[in-house]
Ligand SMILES: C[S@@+](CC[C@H](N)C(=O)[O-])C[C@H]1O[C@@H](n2cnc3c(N)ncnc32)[C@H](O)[C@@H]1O
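Only one chain is shown below, in structure tokens, and it's the form predicted alone.
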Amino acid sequence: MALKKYISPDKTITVYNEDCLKVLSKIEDKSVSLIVTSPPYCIGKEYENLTDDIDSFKNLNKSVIKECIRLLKPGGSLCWQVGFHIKNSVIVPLDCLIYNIVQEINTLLPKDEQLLLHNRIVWTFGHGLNAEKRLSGRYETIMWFTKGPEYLFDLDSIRVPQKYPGKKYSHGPKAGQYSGNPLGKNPTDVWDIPNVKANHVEKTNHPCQFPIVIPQRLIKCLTNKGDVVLDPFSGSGTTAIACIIEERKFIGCEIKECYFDIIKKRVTDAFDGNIPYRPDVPVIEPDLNQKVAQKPGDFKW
């Protein structure tokens, strides 16, 4: 039976309305440059089975990650975005489980095909559910692995404004020159990005949608234009939209038909130039006229 799918008019975007393992098994080995995804956390969301638990999470992710490694090109990147499994106010940090799953798989692979962890990116956001018996959670993590030690990382494409743009060397051979990179600074491994809640410009009917800027940053710094990006758990199609913006090819899977329909509409809107999204801009803009504090007394609290 043919897989149900949608292909964009220019054939750069392909989305399957199927179980991801069924789709991944049909994709050519070493054909994907980047995998960006956020799997279900098994916490009872409408797109999950009520019987899903931690063991379900482990088994699903292990199966999918094995397939993803096969599909990744040498030097390709895998970015797995997860939060917490929560039950009765007790949490399980899912990134720890993902790390252990990857290490277990690595023992079965030759060294040049093993996944190596380069960053555990913390995505922090200001709004969310308010917990009653613990501190309210305001972050999730993105595990960035590469297939082997040689990989693409284009830092210049994702630099952010310097905190003190006018800061200069005060002495030495570079006295008077700007001390920071004129293109901006490294954005670090903590990303302060608003999450997609009711009033967010990108909001759809998907209950756990992440902002376009997350896959957009990863796509910009870990791939070249025209490369293939894969999302096994496409949800509302956020990674597909980021690929359209950044001129990459995309393959995605979404098992729920209602979300598959959302993806098709968003992709069509994106090609028509009508997709609403929040640009990748700092939450707080730096003050270009701000002076650098030289002494403790100069700081204003």
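These numbers come from a predicted model, not from an experiment. The first residue of the shown sequence is 1; numbering continues from there.
The same protein also has a form predicted together with this ligand, omitted here; what follows describes it.
- Screening I27, I275, I255, I245 for any heavy atom within 4.5 Å of this ligand in the predicted bound form leaves a single hit, I255.
- Among the residues V160, I105, L152, C208, the one placing a heavy atom within 4.5 Å of this ligand in the predicted bound form is C208.
- Note that among 94-102, 163-171, 227-235, 113-121, the stretch whose heavy atoms approach this ligand to within 4.5 Å in the predicted bound form is 227-235.
- The closest heavy atom approach of E18 to this ligand in the predicted bound form falls within 4.5 Å.
- This ligand is not drawn, but in the predicted bound form it has no heavy atom within 4.5 Å of S33.
- Taking non-hydrogen atoms only, F250 never approaches this ligand to within 4.5 angstroms in the predicted bound form.
- In the predicted bound form, this ligand stays beyond 4.5 Å of every heavy atom belonging to F57.
- Along 19-42, residues D19, C20, S38, P39, P40 each place a heavy atom within 4.5 Å of this ligand in the predicted bound form.
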